[in-house]
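Listed next as structure tokens is one chain, alone, in the form predicted alone.
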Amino acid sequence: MTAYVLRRICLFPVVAFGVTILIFTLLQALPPAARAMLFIQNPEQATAIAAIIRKYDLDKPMYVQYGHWLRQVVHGDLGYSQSARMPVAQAIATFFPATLELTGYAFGLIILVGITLGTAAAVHRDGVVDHVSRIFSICGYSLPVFVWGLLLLLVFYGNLQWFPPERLSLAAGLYVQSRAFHAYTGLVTVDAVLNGSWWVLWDAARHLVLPVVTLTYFLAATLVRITRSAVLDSLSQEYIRTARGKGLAESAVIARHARRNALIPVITLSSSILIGLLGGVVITETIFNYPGIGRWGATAALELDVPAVAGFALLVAGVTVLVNLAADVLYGYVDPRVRLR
């Protein structure tokens, strides 16, 4: 297992290098004046575009420009974001914790609902649970994320006033920004627990409910169907009949044999879902006015903020590579045959 993990980790720099080449190649479609924005550190430098073009050889061949840009990226200098009024690296550090908090809770619920309901639907095939899972999935497929989010916002905030948009109320937001509240992780719910500020935890949880439910329902519907199909396929195999013939309890047969052997396609889809969450939060954060990196990325694109869009693309690409690496490691843990290959 160790050798298998090491092989996958060794491939990580190669893939990351390829990703930077792809992103920079796409940036070549922009004129040198637009690419020069990738190399400024403050708004005052925006008036010296010609000097920046000369300094970083933006009128030279692509490989020369790429060397300058990659050196900047390695040092954490991604340019200055006009939309956020701060350096891109600082903007990512500011907005990403909010998105991480939102997607973390959503992904946990997606896995819990998707695997649990999908397994139950397969075990009770053509029963009540199976029919409920089909209705759940069909509704999830038929409603785009923005429609589902707007409906939830209309009902639970517009009419009932239960779950407000944004990340925090005004009072909680001011308290979190004060010196009395220590930001240990940047995740408000976690920091609220560490600070013992239970009213802040309650306030943050109320604001998270609607965006988390929006992301969860939209993506869990697919996982339910894939899990159901994979578990049904496992239940028809010889080793399941052998396990039952040995007298194992049905719960052990399902948990230790059927579900575990069905996890390969589930892991594949789960990794895609986690990556897709970063795309989904662009719409969800915009609908709920949630101050995460998705809303910032959408604003940057509308304002043609080249450094911010490039930084957002690098972040999404980096997360994609890391998630795929984690999925490869999980493949080897779940199925020893993968490690042997």
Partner chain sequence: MTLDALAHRLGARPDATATAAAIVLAAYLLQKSPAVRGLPALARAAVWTVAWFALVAAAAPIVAPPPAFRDPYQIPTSSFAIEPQPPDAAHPLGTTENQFDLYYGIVWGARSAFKVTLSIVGVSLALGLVLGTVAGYYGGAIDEVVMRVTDVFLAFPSLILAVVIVAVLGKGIDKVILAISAVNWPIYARLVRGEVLSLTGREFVTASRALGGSDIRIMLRHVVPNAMFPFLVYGSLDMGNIVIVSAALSFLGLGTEIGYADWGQLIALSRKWILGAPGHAFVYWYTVVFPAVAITGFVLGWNILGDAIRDRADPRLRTRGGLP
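Definition used throughout: the rigid core is the maximal C-alpha set that superposes within 1.5 Å between two forms. Positions refer to the first chain, counted from 1. Treat the numbers as computed from the prediction; the structure is a model and nothing was measured.
The same protein also has a form predicted together with its partner chain, omitted here; what follows describes it.
One stretch from 179-187, 80-88, 112-120, 156-164 that, in the predicted complex, holds residues within 4.5 Å of its partner chain by heavy atom: The contacting stretch here is 156-164.
Applying a 4.5 Å heavy atom distance criterion, does Trp69 contact its partner chain in the predicted complex? Outside the cut-off, so no.
Would you classify Phe146 as touching its partner chain in the predicted complex, given a 4.5 Å non-hydrogen atom cut-off? Flag for Phe146 set to yes.
Is there a heavy atom of Leu325 no more than 4.5 Å from a heavy atom of its partner chain in the predicted complex? Flag for Leu325 set to no.
Can you work out whether Ser229 and its partner chain are in contact in the predicted complex, taking contact to mean some heavy atom pair no more than 4.5 Å apart? Looking in the predicted complex, residue contacts with its partner chain include Ser229, since a heavy atom lies within 4.5 Å.
Looking at its partner chain in the predicted complex, is some heavy atom of each of Thr94, Tyr105 and Leu174 within 4.5 Å of it? The answer is no: none of the three residues contacts the partner (heavy atom, 4.5 Å cut-off).
Only counting heavy atoms and a 4.5 Å limit, does any residue of 189-223 reach its partner chain in the predicted complex, and if so which ones? Residues within 4.5 Å: Phe218, Leu219, Thr222.
Aligned on the rigid core, do the two forms place the Cα of Gln28 2 Å or more apart, comparing between this form and the one not shown? The answer is yes; the displacement is at least 2 Å.
How about Trp69 - superposed on the rigid core, does its CA move between this form and the one not shown by 2 Å or more? Superposed on the core, Trp69 moves its C-alpha 2 Å or more between this form and the one not shown.
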